[in-house]
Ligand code: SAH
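Next up: a single chain in structure tokens, the form predicted on its own.
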């Protein structure tokens, strides 16, 4: 864990991010629990501790600027709890609902939330998000996010069903789609592109992108 903690702090410095006191330790405790579970239950294809830090923790934390100020985040297809759990650690005023269709992943989200010290602000839901928040037991929120969940066009059309007035949709992607594709994705969902940011992960240098969509004004 000590090496993971050092790598995480180095990555946070590279991203010019700070997290609350004790945050790095709680995040590395979360990653250690993930790797422990992964020995018995297949939660993630990433199994090297340094890759968990880079491609899970830092990848999630990199979008703090796009998420900051949100009150309640809905993470669609959260998997093992990403990006929701790291964002809860970084943003102590945030509430989050994480949903996934795979029961073992939802079980880990609950355990991981305890390890990360965010269980009081976290709700994990075992459901398949199909755009009916009322029947699915999912909230309508001011920020909907997903990390490489599905193509951007499908994601925006789904995400907007859970979006409160004035809210925003955040799409985390490996490669930023062409501007025309983003415009089409926004238009089909009654949204508009608010911002696009490209960056690289601090340890591996792998490319990433984050796109923010807002409700289109008349």
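These numbers were taken from a predicted model, which means no experiment stands behind them. Numbering follows the first chain given and starts at 1.
There is also a form predicted together with S-adenosyl-L-homocysteine; it is not shown, and the following applies to it.
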Work out which of the listed stretches, 174-182, 66-74, 147-155, 187-195, brings a heavy atom within 4.5 angstroms of S-adenosyl-L-homocysteine in the predicted complex.
-> 147-155
Any chance residue 79 has a heavy atom within 4.5 Å of S-adenosyl-L-homocysteine in the predicted complex?
-> yes
Contact of residue 114 with S-adenosyl-L-homocysteine in the predicted complex (heavy atom, 4.5 Å) | no
For residue 129, is any heavy atom within 4.5 Å of S-adenosyl-L-homocysteine in the predicted complex, or not?
-> yes
Looking in the predicted complex, any heavy atom of residue 140 within 4.5 Å of S-adenosyl-L-homocysteine?
-> no
Of the residues spanning 105-126, the ones with some heavy atom within 4.5 Å of S-adenosyl-L-homocysteine in the predicted complex are 105
